[in-house]
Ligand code: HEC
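Just one chain is shown here, as structure tokens, and it is the form predicted alone.
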């Protein structure tokens, strides 16, 4: 691209009217560079990126800030990415203030855009970027920027919430639909499995394909409703005015159609239509009843209502001078945050009576829901599933050859769903006690054995016998595979009983098979994944995405241990990132990729495999022979904010205990809870809310209920700003 073309792009992006003016602005940017950027570079960058032997072969020496030069543009783009992502300067180097960092990033962004490059500002909204806001600044207790709420938004309902609505509708109106199994109405969106929270307000939009799916669902349920109301039902719930409209047939009048509007709204949404809804749907009904008759008008109305925004989104818009959510919207926000359902009667009544106006009134409702064991709160359990990411264990493929080594004869005998449900039961048991929740989950020595999904705990005698028979071959003392839990007889097994892990074999969820299998590969452990999870979820670290030019494959050398094969990650180009993960994940070599405790690692014995006695007549080994070699479970915590955490560890148990004792780890946990329950990443403006949430958790002795209550009564949850910002 020529210099003239660059200047023309500058004209376009900066809104400048002439080439001469563009040249003048470019000259001004050179002045700004020498005044604003050059001192910053000299202080924080040139020690590593000077003229001689620069780190990463990136030198900032001799640069002028003229981004019309292709090389300078390329270099400053890289600097901008590293600076904004807080990857540079390195953590152990002198750091600029947040104000200086922001000022330089702003100058670079404007200059890069002026050079014709489109920057993706929305990338910082992605869940994977959640740790990029400086932790120490967030929890400093100082007001870095003005506190505020969350941007106005439409937050799409979860698939579970959407499906639950129609399931309840089916039961309430006795529609006699087989809404289960292959016949179950499903949400028109399915989240792609990912290692972060999936329910982010900014992450999902309803597109054309989803709209078509929504219409099919709406049409199907509308037809069932019309069929149910086509004659006066003799039992169960029904909408009387809808019956009247449908039975009127072609003789239905506009008055009958309009009379059915408010009761139908009430029956479907437990509220009256607004004035604008009455006007809009009333006009629609008058037109439809004239052309399609009573039944047709009723069906079209129901289809329209089943596509209403309330069945697709949580509407979160500011209202009044306080910018607080409207009472009904706030009630829905509270209910969907905890239950994935529309507000129950007490919460809806509080909204209608104006009793959600203050923090104290909201707190009353949040505590009521949390403390009522009769109210299902699946969203709370789902937080821990997604935070620990153990529920992906069933998605990790294990081939039959690998399973046979474990002693499982065929693939269908391998059922990691049991591990997930057992881990769920551990979480629920800790939540029921609600004390030192994170610490207990990291250090518990208790487990459940061979349970089923917590949503389906109805064990019949036949179910119990089948499970016992599948897992116990004799009445003598036996051991549950993967748990090393000794159970005396079949009669001693109880899916609702907590068993003790063998001493020194297990400690909390990070040694539970559900987590270990989820963080493994098809044929081996994945120490890098395990280390990354700890770095990001417990230490609040930031791991850059893998460059597309890197072939991230370990050597295929089954005669060597995983630790030996991972020596390739210590190459200079790789170790910058891998030193943050590998030493944290390698202690978990204490367990194999099925989650079994072990003291030795099995590798291929090349000499025994190549032994003449093992070769056929063609010189090909009849079988691959293995041998056991000693395990090395040492590791290290390094580069953390809390100096008490750093240092070597001898095994996973020492590592876990050290992490469980850290206040910093607690704070990182609070940050993740914020993201999950508010559906977005935290910003510097959220510092006061995070400090308050951590204080609530800490002073309550580690109560999850206290933490959630603090988050759901915070300004970011209750208030919506009126000005756009980087939050959404």
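What we label the rigid core is the largest C-alpha set whose atoms superpose within 1.5 Å from one form to the other. Predicted model, so just to flag it, every value in this text is computed and none were measured. Positions refer to the first chain, counted from 1.
FYI, the form predicted together with this ligand isn't displayed, but the following is about it.
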Heavy atom of each of 78, 546 and 581 within 4.5 Å of this ligand in the predicted complex = yes
ask   = Out of 693-701, 45-53, 655-663, 669-677, where are the residues with a heavy atom within 4.5 Å of this ligand in the predicted complex?
value = 45-53
task = Report the residue, out of 174, 574, 480, 348, that has at least one non-hydrogen atom within 4.5 angstroms of this ligand in the predicted complex.
result = 574
query = Looking at 377, 425, 526, 135, which is the one with a non-hydrogen atom within 4.5 Å of this ligand in the predicted complex?
reply = 526
query = Using heavy atoms and a 4.5 Å limit, would one call residue 232 a contact residue for this ligand in the predicted complex?
reply = no
Residue contact check: residue 58 to this ligand in the predicted complex, 4.5 Å heavy atom = yes
ask   = Wondering, does residue 88 line up within 4.5 Å of this ligand in the predicted complex on heavy atoms?
value = yes
Exercise: residue 620 in contact with this ligand in the predicted complex, heavy atom 4.5 Å = no
request  = Would you tell me if residue 44 moves between the shown form and the other one by 2 Å or more at its C-alpha, with the rigid core held superposed?
outcome  = yes
message = Given a core-based superposition, decide whether the C-alpha of residue 428 shifts by 2 Å or more between the shown form and the other one.
response = no
Residue 105 C-alpha moves between the shown form and the other one by 2 Å or more, core aligned = yes
task = Based on a C-alpha change of 3 angstroms or more, tell me if residue 49 and residue 640 lie closer or farther in the predicted complex than in the shown form.
result = farther
